[in-house]
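Shown next as structure tokens: one chain only, the form predicted alone.
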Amino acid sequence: MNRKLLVILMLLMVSLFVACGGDDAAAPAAVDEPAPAEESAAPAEEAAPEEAAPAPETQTIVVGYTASQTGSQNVSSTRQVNGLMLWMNQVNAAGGLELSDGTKIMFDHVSYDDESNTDRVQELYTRMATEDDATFLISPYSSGLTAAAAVIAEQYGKVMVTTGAASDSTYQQGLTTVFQAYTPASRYLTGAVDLLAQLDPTVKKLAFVYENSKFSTDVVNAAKAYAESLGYEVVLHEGYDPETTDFGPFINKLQDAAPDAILGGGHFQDGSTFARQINEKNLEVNFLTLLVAPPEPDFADLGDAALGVIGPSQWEPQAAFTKASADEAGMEFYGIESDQFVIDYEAAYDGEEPSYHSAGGYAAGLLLEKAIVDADSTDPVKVAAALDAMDLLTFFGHIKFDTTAESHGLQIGHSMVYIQWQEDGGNLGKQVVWPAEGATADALYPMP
């Protein structure tokens, strides 16, 4: 066989072997190439954008209170509510309070007419605590009504800021959730005694004629004890019914006792009537200080009967409680200043001048706000703890609460100022006459 034929036969054999080799066929050498992506793998995409942060949660909490839309406390109660609602509207208009976790706190309110009636107050505060699920409470106006509300607040564990209520005794019965904004009754009229001592050290005889209400009785009893401790003689100490409109019998007793100074009163209606009838009967008196009524702007409607009358006030626009004065005293200041409060209040209520009851209503809301901010929570236990720790200056004055078991919640920071109605250019106006460091004018003495 020749060489050429042999080569052809060998090639044919190799071809047959390859064709029939199956799995035994030698695999070709691997080629270094990128491995194909698995079919189940997601195709390459651009990095997904970060998810937007969730919108902050908005929590609406309900503040409950009653107002004396009718009854003897109507004037002062209405102004107190006006101040409270101004605060609430301002906070909500500003977008609420923001907690550190981004939660926004907004405020709503539930309110009823308490008719200046203690039994109705207990019924209504129970309803607000249970049926209306109010988170926090603000007191009604007056110490008697507040004492009734305080028991309900404590019973249901509701934090209540009290305003328009000065009696010490409410805070001396083991309460833990009730906090007083006002200067207590025990210090309400003592400054008037100090003012009198400065004006005329020869005065010895005092008379106390006052409304038979919890507030007035507490105030007068404390002032009487203080005056007697200084050597004054109390020649008349007599109460009158809250509905009294004829003070003739009391004025006759005052004429017989011939005191050098008269202190007392009760609330707006009775105090205004008492001052007017003293003037009408030409009772000679050198010094007249009455509770509640004189600081009210409407007291000027008495005309000549208002001239020279002095009244203790929880707040007056002239009182310079500002951030600057807080810095000077090394204290924290919180909230707006008095001049801004006056502007905002008058704008909200058709030019009505705010009284200290108006300021007290606003201050109650402001203290609740500050406690929520400090607690960084609306939890009542944490808010109560923040109130316990509070020690600051506001437009309303110094705020600090007693934390002892004996007087928990009693206000120990705030002090009274005393105003007197004086004539200025033919018009009646209020002047601060005590304490001396805050006075805007010398006191008229003896009163005209």
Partner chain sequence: MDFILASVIDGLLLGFVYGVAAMGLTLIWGVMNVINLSHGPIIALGMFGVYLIFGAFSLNPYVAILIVAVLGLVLGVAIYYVAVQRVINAPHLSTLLATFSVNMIIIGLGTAIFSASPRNVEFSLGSLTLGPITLLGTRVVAAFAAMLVAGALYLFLYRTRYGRYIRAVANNRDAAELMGVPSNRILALSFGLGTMLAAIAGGLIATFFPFTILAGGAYELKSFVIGVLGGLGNPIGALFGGLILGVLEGIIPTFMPTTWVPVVEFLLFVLILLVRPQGLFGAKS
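Predicted model only: the values in this text are computed from it and were never measured. Numbering follows the first chain given and starts at 1.
The same protein has a further form, the form predicted in complex with the partner chain, not shown here; the description that follows concerns it.
Shown alone, this chain has one stretch from 97-105, 237-245, 126-134, 348-356 that lies within 4.5 Å of the partner chain in the model of the complex by heavy atoms: 237-245. The three marked residues, Pro249, Gln277 and Asn282, each reach the partner chain in the model of the complex, with a heavy atom inside 4.5 Å. Looking at Lys205, you'd find every heavy atom of it more than 4.5 angstroms from the partner chain in the model of the complex. Shown alone here, Glu328 lies farther than 4.5 Å from the partner chain in the model of the complex, counting heavy atoms only. Within 4.5 Å of any heavy atom of the partner chain in the model of the complex lies no heavy atom of Thr322. For the chain shown alone, Asn212 is a contact residue for the partner chain in the model of the complex, at least one non-hydrogen atom being within 4.5 angstroms.
The partner is absent here; in the model of the complex, the one residue of Thr78, Gln122, Gln172, Thr273 having a heavy atom within 4.5 Å of the partner chain is Thr273. In summary, among the residues Thr217, Gln318, Asn82, Gln269, the only one with a non-hydrogen atom within 4.5 Å of the partner chain in the model of the complex is Gln269.
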